[in-house]
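Read the single chain below, which is given as structure tokens and is the form predicted alone.
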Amino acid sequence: MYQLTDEGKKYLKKGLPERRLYELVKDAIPIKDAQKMIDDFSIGLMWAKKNGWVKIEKGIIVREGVVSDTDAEKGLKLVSEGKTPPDKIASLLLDRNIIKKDKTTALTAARELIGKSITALTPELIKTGLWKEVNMKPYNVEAAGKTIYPGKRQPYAAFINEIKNKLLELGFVEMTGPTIELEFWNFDSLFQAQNHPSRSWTETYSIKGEGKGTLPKDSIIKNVRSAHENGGNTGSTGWGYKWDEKKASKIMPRAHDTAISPRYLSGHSGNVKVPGKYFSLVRCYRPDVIDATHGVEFNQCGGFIIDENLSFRNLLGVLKDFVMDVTEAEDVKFYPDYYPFTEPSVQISAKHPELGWVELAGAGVFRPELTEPLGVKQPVIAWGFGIDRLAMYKLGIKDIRYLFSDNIKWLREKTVM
């Protein structure tokens, strides 16, 4: 199968360079002296070090370890005797250009197949050109071949990327925000009263200890305080209580994606253009009983559109188009709903052929008590989608926990497209 190359013949006669270097070193020898006394010095030094035969100390080559015949030496001897070394050793010698494949053997192997019926071409047939003289068995193109599962994104991760890409293609700008958030941005700036039940320990997570963050500039704090206590200049009566700045400065894991919107509307995290379209797709955290439709952490996709002439009808149109495009639902329904920071408010559900009606999002028009304290005079329509439920709808699964399944069959076969 193999022949010695010119280099291999030289090594057979004189010995491998690492062997000659080892024998030259004896006790120790300076590198500069060894370079003059042995050809192929760099190759010998590399392999001698790799074999653990020598080491270098301050420019001196020093012997170490006990030397025995190496695989390279054994393989070199076998090939010189006309024998075939094991594949691992042969591969080593081929890489070192000490041996080469015997072309006459390839020709012999190819000639043995002439006139025979074969199902696959061999390397020998291709190299020698004798593939023209063999009989190839007919191939049934209708027969099912072996299924190949190429690498791809996890279905849920692929779905999230698809949502982001769709929104970016529609001209939306992505917003980002911290996972550990101030209660001010998560609740107070959204006109959510400090005694609202959703701010209790049973509905939101809190950070152990007395963790606090830095509130925004004084003018925003003053306006938000006024909106909560008496409605400010919005015509509202507010919540009618004394607003606590200390409570607003506490930190917490973000409970909903809407916490990011007031940051941008106020100019605290980015400048909003009018007209403008913005979205966020982030991880949120709430205490809950984990079951088929609920988790304690989840993704939400929220956003808002700001313009001079927006109405509730515009919001319904945006929601319907987005849901129909993303989920390919049979139908959608809108239901009246309540959120402290929107009025009017609405819930949207979509009809799935197997799952039935699935609640997907809450939305509404931001109240003046939210927008005006942040310096925004234009109407703002906003929404928050439970991306996990959208993904359940799209992927046709009934248990939200299955989004993170390790079922290899499902992961191989499921696709978002």
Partner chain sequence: MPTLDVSYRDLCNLIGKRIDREELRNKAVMFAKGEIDEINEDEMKIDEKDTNRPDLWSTEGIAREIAGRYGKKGLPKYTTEPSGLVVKVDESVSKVRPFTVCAVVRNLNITEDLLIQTIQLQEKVAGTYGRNRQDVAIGVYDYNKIKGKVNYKAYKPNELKFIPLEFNEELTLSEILEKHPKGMDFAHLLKGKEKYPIFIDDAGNVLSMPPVINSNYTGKVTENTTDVFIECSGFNLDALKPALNVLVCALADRGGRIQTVDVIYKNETIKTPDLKPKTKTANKDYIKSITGIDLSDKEIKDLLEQARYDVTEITKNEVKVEYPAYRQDIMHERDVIEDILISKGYNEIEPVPVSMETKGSLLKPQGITNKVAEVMVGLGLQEILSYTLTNKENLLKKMERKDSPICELENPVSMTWSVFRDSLLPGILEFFSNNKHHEIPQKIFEIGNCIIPDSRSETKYRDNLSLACGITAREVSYEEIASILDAFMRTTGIGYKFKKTENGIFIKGRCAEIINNGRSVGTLGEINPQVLNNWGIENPVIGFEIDLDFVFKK
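Source: prediction; values computed, not measured. We call the rigid core the largest set of C-alpha positions that still match within 1.5 Å between the two forms. Numbering follows the first chain given and starts at 1.
Beyond what is shown, the protein has a form predicted in complex with the partner chain; the following relates to that form.
Margin query: I'd like to know if residue 263 sits close to the partner chain in the predicted bound form, meaning any non-hydrogen atom pair within 4.5 angstroms.
Written below: Although the partner chain is absent here, residue 263 would touch it in the predicted bound form, with heavy atoms inside 4.5 Å.
field: Contact label in the predicted bound form: residue 187 to the partner chain, heavy atom within 4.5 Å
entry: No, no contact at 4.5 Å.
- Message: Can you tell me if residue 208 lies within 4.5 angstroms of the partner chain in the predicted bound form, counting non-hydrogen atoms only?
- Response: Within the cut-off, so yes.
Margin query: With a cut-off of 4.5 Å between heavy atoms, is residue 310 one of the residues that contacts the partner chain in the predicted bound form?
Written below: Result yes; residue 310 sits at the interface with the partner chain in the predicted bound form.
Exactly one stretch in 94 to 102, 72 to 80, 123 to 131, 160 to 168 has heavy atoms within 4.5 Å of the partner chain in the predicted bound form; which is it? Stretch 160 to 168 is the one.
Using heavy atoms only and a 4.5 Å cut-off, determine which of 108, 219, 84, 176 is in contact with the partner chain in the predicted bound form. So the residue touching the partner chain in the predicted bound form, by this definition, is 176.
- Query: Though the partner chain is not shown, can you say which of 293, 327, 236, 226 has a heavy atom within 4.5 Å of it in the predicted bound form?
  - Reply: It is 236.
* Determine the residues of 247 to 261 with a heavy atom within 4.5 Å of the partner chain in the predicted bound form and present them in sequence order; the list may be empty. => 251, 253 sit within 4.5 Å of the partner.
**Request:** Kindly check if the Cα atom of residue 47 is displaced 2 angstroms or more between this form and the one not shown relative to the superposed rigid core.
**Result:** Residue 47 C-alpha, core-superposed: shift of 2 Å or more.
Q.
When the rigid core is used for the superposition, does residue 88 move between this form and the one not shown (threshold: C-alpha shift of 2 Å or more)?
A. Superposed on the core, residue 88 moves its C-alpha 2 Å or more between this form and the one not shown.
Do residue 179 and residue 406 move together or apart in the predicted bound form, judged by C-alpha distance changing 3 Å or more? They are closer; the C-alpha distance drops by 3 Å or more in the predicted bound form.
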